[in-house]
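Here you'll find one protein chain in two forms, each presented separately as structure tokens under the names structure 1 and structure 2.
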Structure 1
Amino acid sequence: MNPITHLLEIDRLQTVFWNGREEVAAIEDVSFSLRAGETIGIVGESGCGKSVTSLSIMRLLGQNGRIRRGEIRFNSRNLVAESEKELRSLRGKEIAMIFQEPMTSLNPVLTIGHQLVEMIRCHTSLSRREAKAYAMEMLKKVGLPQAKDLMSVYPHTLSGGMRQRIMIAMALSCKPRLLIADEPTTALDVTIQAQILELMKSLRKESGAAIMLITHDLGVVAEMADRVVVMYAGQIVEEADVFTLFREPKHPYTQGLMASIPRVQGENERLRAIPGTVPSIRKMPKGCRFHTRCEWAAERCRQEQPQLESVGGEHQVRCWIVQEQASPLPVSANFQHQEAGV
């Protein structure tokens, strides 16, 4: 792979948090890369490190978090080593972010106009009036035609969908090269979800920004992503392009995720859930982190930790069973009729 074509490269990233007594690793050995204009989906249950990964890129880990190991190369610059000032000039301008909760992501005591304009003026040399005109233009772009009235309005008067549109307008206003969308549709109604995804798709076409889409909704991934990274307990367990992943998921965890999607057609069978919960970051099981919940777990899985290894092309899996067998994992009957169409 030619490094120049990559917009973002994350290399063996480990981010730790201080819990008052010791530092615990929230994510470990996370490596993936993103080409300009590409959309990558990061999937996993709550607490698997998806958001920590994105906040590490922005270096917004708060007082207790820090990156202990690894590199984040954005445009060939190592963000881990950059000064805070350098990073600030990247935030919002080159890398922008949309958050999960549109209801709480906007400041309740500042007007929409203020929040848009301050961001635009922070990264451009536009005058106040020019910035205002540009902000209104952005609002129209995200499907809010009554832009002029919206500028002087406070967030609490708007619906969740409108606020998320405003967040998107804000995030895209400085034409970032990378847009990190942390569960952008999770808190919205289903109809609004579809609208927001449509909006993101059309804006992606227009702006050419790469998108890092963090979600636990495989439907959203199937809809939007070119490539998918599946995370479990702070590690990447599988990475593949979206078609490969939905056609032949290799890792037992990915298979479990696929099986837990409710389907409309077909007989009325019980939803398959993965038993158990994600282990706490303080008490990681020895060996493969998924072995406590894996129905294929063998002795080796309990003892040694598997590495992320290629099983053909760009399809990488972190699983002893898959890596040991040349043939694909014996897919259990319940997983067999899973298709990409969700």
Structure 2
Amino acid sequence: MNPITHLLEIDRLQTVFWNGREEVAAIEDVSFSLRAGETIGIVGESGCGKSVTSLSIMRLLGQNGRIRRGEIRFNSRNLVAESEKELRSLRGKEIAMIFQEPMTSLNPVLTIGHQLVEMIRCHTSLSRREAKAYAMEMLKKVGLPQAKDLMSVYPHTLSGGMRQRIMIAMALSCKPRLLIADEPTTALDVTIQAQILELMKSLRKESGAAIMLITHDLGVVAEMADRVVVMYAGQIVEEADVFTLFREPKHPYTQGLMASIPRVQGENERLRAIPGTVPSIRKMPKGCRFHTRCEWAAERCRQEQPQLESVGGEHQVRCWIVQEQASPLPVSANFQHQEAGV
């Protein structure tokens, strides 16, 4: 039997939602893999499909969402075919998720201590007393020293940053094999953000966990990720290891993201922006989905949709112009790898 080389494999995934009149695809043709101990960064504008991809993995799409096509294999198990009972045994223990909005993830009528202890006891053999002590230890690890007092309070009495850290403590407490972190440090100040990132690194080092990091912060990606997936309008438009992507972004959209990062040099320099807006999932443009905002778009880009193709090693790009010429497109701004913190 061949050894399992990837902990997570997503193959040609398409997730759709019913809007009352028809099903619309939120993500389409999404494929990537993740090895144990590896961190992959998922980046892109709001609405590009990052969070839907993570919710598809967890099978938490709600009544209106479903996976129409593709496979999600976790440790050789196809999660698309798993029953809800089987998935409940995986969620929290094998696969944990830090959700983007902690207020909607924590139960408002249960204390923080109750929620932490019940989650720990559900997935471990610890007694209630041991689970309570472990819960307070985890709260301290995420920068909440008043852990004993926090155990008896309700979520609505806490700030957004404190609720976010509680969600992080909950996700890390069972030492999952796969941690999905959806904007885990958005509501946190820089000191706590650094502490949380170090905690995630420790989890990866100690248990060999894989991390799927969804974020808008390219600095966090540069610090944490081994590989980066760039998403646009529900599709992956570029994938590469973190060094290659920051040194030589090839897709025009990736170049636009890089160019929009504020730089310390040149206080009078204007911030660059990507023109136009992301298309609606109800009415995607024909051809390449980025062609309406791309300065290099050709007639083929407007008529035919490109596939994600290798342009050297594991570097993949979904762009006709890049695939048809030997040299990459000229970078829109002189963005250097070091400026992102790599």
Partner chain sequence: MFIDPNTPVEMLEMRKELLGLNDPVILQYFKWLLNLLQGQLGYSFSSYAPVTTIIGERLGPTLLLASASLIFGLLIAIPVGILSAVKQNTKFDYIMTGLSFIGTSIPQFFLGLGLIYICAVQFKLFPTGGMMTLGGPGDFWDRLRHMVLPVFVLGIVIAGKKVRYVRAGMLDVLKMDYLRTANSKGLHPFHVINKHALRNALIPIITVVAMEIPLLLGGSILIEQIFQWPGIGQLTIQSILSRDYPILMGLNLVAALIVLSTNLLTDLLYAAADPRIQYT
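Since we're looking at a predicted model, the values are computed, not measured. Structure 1 provides the reference sequence; residues are numbered from 1 along it. So that the term is clear: the rigid core is the largest set of C-alpha atoms that superpose within 1.5 Å between two forms.
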For this session: Of these two copies of the chain, point out the form predicted on its own.
Result: 2
Exercise. 2 Å or more on the CA of L139 between the two structures, with the rigid core superposed, yes or no?
Worked result: yes
Problem set entry | Threshold 2 Å Cα movement between the two structures at R91, rigid core reference | no
Exercise. So, does L150 move by 2 Å or more at the CA between the two structures, with the core held fixed?
Worked result: yes
For this session: Could you check how much the CA of S159 shifts between the two structures after a rigid core fit, in angstrom?
Result: 4.1
Seminar exercise, completed: Once the two forms are overlaid on the core, the CA atom of V109 shifts between the two structures, in angstrom, by 3.0
